[in-house]
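First, one chain by itself: the form predicted on its own, in structure tokens.
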Amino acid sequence: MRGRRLGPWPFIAPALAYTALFFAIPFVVMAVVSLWTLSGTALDMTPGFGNYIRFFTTESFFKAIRNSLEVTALVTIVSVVLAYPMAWILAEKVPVRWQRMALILAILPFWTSYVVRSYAWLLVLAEKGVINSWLMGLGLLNEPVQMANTRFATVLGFAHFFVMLLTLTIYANLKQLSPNYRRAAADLGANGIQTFIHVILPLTLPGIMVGAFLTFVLAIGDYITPQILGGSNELLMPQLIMLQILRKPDFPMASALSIILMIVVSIAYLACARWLKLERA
């Protein structure tokens, strides 16, 4: 009887407490600190929007969010373009008895340390790395090509990881499709390309958008890959936030930058909310 009076609260209270302790309270503290300012070495706790104004009026700060959006958009597009054919092959061409093994092989990069993967790509792309040594050994290059510490290296390192993530989400969506859709399209005179464009692709769009959203969120907030593979030639938002903490430290500005990054992620969620709801349904 006592349990009935309490209802579901004994079950959801731990989750609410965890969310409040590790998300809600830290977020409120960060939001409050973002309204303070650092004057020299003194912390001015007078609330204001000086840090946000400074972000939009300082070219290097605003350029960091632009670089992050460009890199993340490029990573997302490349990952989707590469992941969809891979998911299609796994779902449609690989025999059912071998699909589980193929999926295990596809997610092997997840089993390797994130830092190790980034440094492995650095060894491959370095001036004396595998690619340059191979091309120079074949006589195709006279001197090494700069590939490490570039946007190309950052995008490549990200795509190596996120292609597998997108493959899993798209594969799951493809496996849920009934063969009757293809049969109905064929009965109506559609060829393979028309069936894919007008039937398969729209039905798998929720899976694509879920994977693309996860890719966007994880890539735009990642610090390790841009730091190792991109170097300091192009500043992204996570690197800019870390610079505010390590150099001064300017915690109010770092908090403001983090809030701005969270707003960008929230806008991305709202843009994808329609497809995310369809996927949950």
Partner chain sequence: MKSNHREVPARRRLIAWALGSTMFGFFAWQAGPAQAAEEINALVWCDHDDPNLIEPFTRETGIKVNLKVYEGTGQALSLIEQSQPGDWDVLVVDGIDVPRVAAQGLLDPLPDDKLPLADIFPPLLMEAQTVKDGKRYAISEKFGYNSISYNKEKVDPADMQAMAILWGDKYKGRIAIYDYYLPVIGMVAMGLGKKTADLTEADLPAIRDTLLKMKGVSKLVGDVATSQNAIATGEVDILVGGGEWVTAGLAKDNPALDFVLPKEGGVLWSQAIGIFAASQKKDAALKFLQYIVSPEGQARLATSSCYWAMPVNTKATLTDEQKKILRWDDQPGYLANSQLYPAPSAELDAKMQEVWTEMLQK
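Basically, rigid core = biggest C-alpha set you can superpose within 1.5 Å across the two forms. Positions refer to the first chain, counted from 1. Keep in mind that what you see is a predicted model, and the values were worked out from it rather than measured.
Heads up, the form predicted together with its partner chain isn't pictured, but that's what we're talking about next.
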TODO: From the candidate stretches 44-52, 22-30, 211-219, 60-68, select the single one in contact with its partner chain in the predicted bound form, where contact means a heavy atom within 4.5 Å.
DONE: 60-68
Task: Residues 183, 204 and 272 all lining its partner chain in the predicted bound form, heavy atom within 4.5 Å - done: no
- [ ] Could you confirm whether residue 126 comes within 4.5 Å of its partner chain in the predicted bound form, counting heavy atoms only?
- [x] yes
Open item on the list: Please tell me whether any heavy atom belonging to residue 152 falls inside 4.5 Å of a heavy atom of its partner chain, as the geometry stands in the predicted bound form.
Closed with: no
Open item on the list: Can you tell me if residue 148 lies within 4.5 angstroms of its partner chain in the predicted bound form, counting non-hydrogen atoms only?
Closed with: yes
Open item on the list: Considering non-hydrogen atoms and a 4.5 Å limit, does its partner chain approach residue 122 in the predicted bound form?
Closed with: yes
Open item on the list: Superposing on the rigid core, I want to see if residue 133 changes position between the shown form and the other one - specifically a Cα shift of 2 Å or more.
Closed with: yes
